[in-house]
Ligand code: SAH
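Single chain ahead, by itself, as structure tokens, in the form predicted on its own.
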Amino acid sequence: MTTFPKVTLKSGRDRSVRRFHLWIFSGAIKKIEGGPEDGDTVEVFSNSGEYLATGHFQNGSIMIRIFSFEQTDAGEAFWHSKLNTAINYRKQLGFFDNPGTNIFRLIHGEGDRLPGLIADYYNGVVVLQAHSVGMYRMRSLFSKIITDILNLRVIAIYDKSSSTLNIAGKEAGNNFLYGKADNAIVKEYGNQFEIDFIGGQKTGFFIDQRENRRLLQNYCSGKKVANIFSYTGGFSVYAARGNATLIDSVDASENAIEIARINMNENSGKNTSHRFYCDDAFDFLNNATEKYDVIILDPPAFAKHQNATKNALKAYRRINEMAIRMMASPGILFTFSCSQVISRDDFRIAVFAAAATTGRQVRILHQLTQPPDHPINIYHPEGEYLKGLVLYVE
């Protein structure tokens, strides 16, 4: 068995590890032996010397991300088995055999017990993102394993870790690990989307909203719809499919708006009653004179760190209050938070406060979350990052 650097926890600080939580914070650590560097594999022991787990070491608040609760050499066979388990899970759910949908999350970090590793599948193009140095250092191995498992189902594998990782003060570079591809053309429930996986946000598309976009379609017939923070128009395409009479897409990114135009033209034709606004969401809502029947609020994470939660909750309250005030009566509001550090309860309280301030009567129609290709590890509740409410506003 390979010998790894050793990390010993303080007395009483091993409870979360014994409950299979995947993070160890710096404050729980008593002693580090073997001089591990960022990205190195380490073994974790209790204060009494009992082996607990194996994971990647990285200086910071989250100092160890656990990938095994059994001693392992962490060699190629180990990682092949881990990735194969994650991919087989998607196969069992039918994601590889759906002719109307060829876009889904292939590997979901902690949800697949692979903390720090994300991979999305875009009709044969796999986009990797490493959120830890340990996973980043193994990206070539992961590319080899994925092509081995998926075989002819892979056209290209692209590493896009520059926006999620910083190594020794320098950003990780983005590059193809296997094959080459331009923008991917994908299908989601029969709708066609162009994916700019190189220049777009995250891995190129917000796959986690797939089921929520489909739900929106049911509420749009004959309605005026505003898609705020529209990005490349995912919700807008479904609103058009649901026979909305007017769709306004609003995003601060000119590139995102241009791709939204392409996506709308591909799915609904150039004569669709659809207007595009490259504008700040708050400014748009503040100045808008249209009374919308349906509004979608899908902002980027207002809080990425715990110390930003107070300001984030104020932003969620403000944007929801603005939307509720300007809605037609009755109206439907789809509102979301993708901030991991904002709890479901805190988000709901922020929306409640927004509604109460307007004085309008509001019912909850649906409580939404992320789809099954973004699984939540029951031992790692922080993985439930996407929260959503569908509100009926009188």
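This one's a predicted model, so the numbers in the text were calculated from it and none came from an experiment. The first residue of the sequence shown is number 1, and the count goes up from there.
Below, we refer to the form predicted together with the ligand, which is not included among the displayed structures.
K.L.:
Since exactly one of S143, S161, S230, T203 fits, which has a heavy atom within 4.5 Å of the ligand in the predicted complex?
P.N.:
If I apply the 4.5 Å criterion carefully, the residue I get is S230.
K.L.:
Taking the ligand in the predicted complex as the reference, which of A172, A252, A181, L150 has a non-hydrogen atom within 4.5 Å?
P.N.:
So the residue touching the ligand in the predicted complex, by this definition, is A252.
K.L.:
Answer with yes or no whether R213 is in contact with the ligand in the predicted complex, where contact means some heavy atom within 4.5 Å.
P.N.:
R213 belongs to the contact set for the ligand.
K.L.:
Wondering, does G124 line up within 4.5 Å of the ligand in the predicted complex on heavy atoms?
P.N.:
Result no; G124 lies far from the ligand in the predicted complex.
K.L.:
Is P299 close enough to touch the ligand in the predicted complex, meaning at least one heavy atom pair within 4.5 Å?
P.N.:
Yes.
K.L.:
Tell me, yes or no, whether D97 is in contact with the ligand in the predicted complex, where a contact means a heavy atom of each within 4.5 Å.
P.N.:
Judged by the heavy-atom cut-off of 4.5 Å, D97 is well away from the ligand in the predicted complex.
K.L.:
At 4.5 Å between heavy atoms, only one of the stretches 276-284, 214-222, 115-123, 75-83 reaches the ligand in the predicted complex; which one is it?
P.N.:
Checking each option against the 4.5 Å cut-off leaves 276-284.
K.L.:
Even though the chain is shown alone, can you say which residues of 231-250 have a heavy atom within 4.5 Å of the ligand in the predicted complex?
P.N.:
Contacts from 231-250: Y231, G234, F235.
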